[in-house]
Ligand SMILES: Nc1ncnc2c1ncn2[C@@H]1O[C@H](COP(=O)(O)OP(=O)(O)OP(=O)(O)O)[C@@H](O)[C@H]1O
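Quick setup: one chain, the form predicted alone, written in structure tokens, and binding and motion questions come after.
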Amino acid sequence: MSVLTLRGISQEFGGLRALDGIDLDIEAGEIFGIIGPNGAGKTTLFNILTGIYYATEGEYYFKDQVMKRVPPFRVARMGIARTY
């Protein structure tokens, strides 16, 4: 069972497409890393997952719940958070 599922996640800033159709499934108990060079969209993806940004396209599910436009404080209460 997937704990986190992303389907077609895309993000645009003006004319710049930072993420383009990201699909991802993370299963319970799985350890997963996001790597890439500067400017690859890693922080943008985390900002979408934590509710800081709302994806331009696509949607994601956390424990089978649609996370469309969920504000950051609710995302944190559900157990998705980041640290700096």
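The numbering used is simple: start at 1 and walk along the sequence shown. Remember, it's a predicted structure, so these values are computed and weren't measured experimentally.
This protein has a second form, the form predicted together with this ligand, left out of what is shown; the following refers to that one.
Task: Partner proximity in the predicted bound form: residue 40 to this ligand, non-hydrogen atom cutoff 4.5 Å - done: Result yes; residue 40 sits at the interface with this ligand in the predicted bound form.
TODO: Look up in the predicted bound form whether residue 66 has a non-hydrogen atom within 4.5 angstroms of this ligand, and give yes or no.
DONE: No.
Open item on the list: Is residue 73 near this ligand? Define near as a heavy atom within 4.5 Å, in the predicted bound form.
Closed with: Judged by the heavy-atom cut-off of 4.5 Å, residue 73 is well away from this ligand in the predicted bound form.
Open item on the list: Under a 4.5 Å heavy atom criterion, is residue 22 part of the interface with this ligand in the predicted bound form?
Closed with: Heavy-atom contact with this ligand at 4.5 Å: absent for residue 22.
Open item on the list: Check for me whether this ligand, as it appears in the predicted bound form, comes within 4.5 angstroms of all of 16, 44 and 53 - heavy atoms only.
Closed with: Yes, the whole trio is in contact, each within 4.5 Å by some heavy atom.
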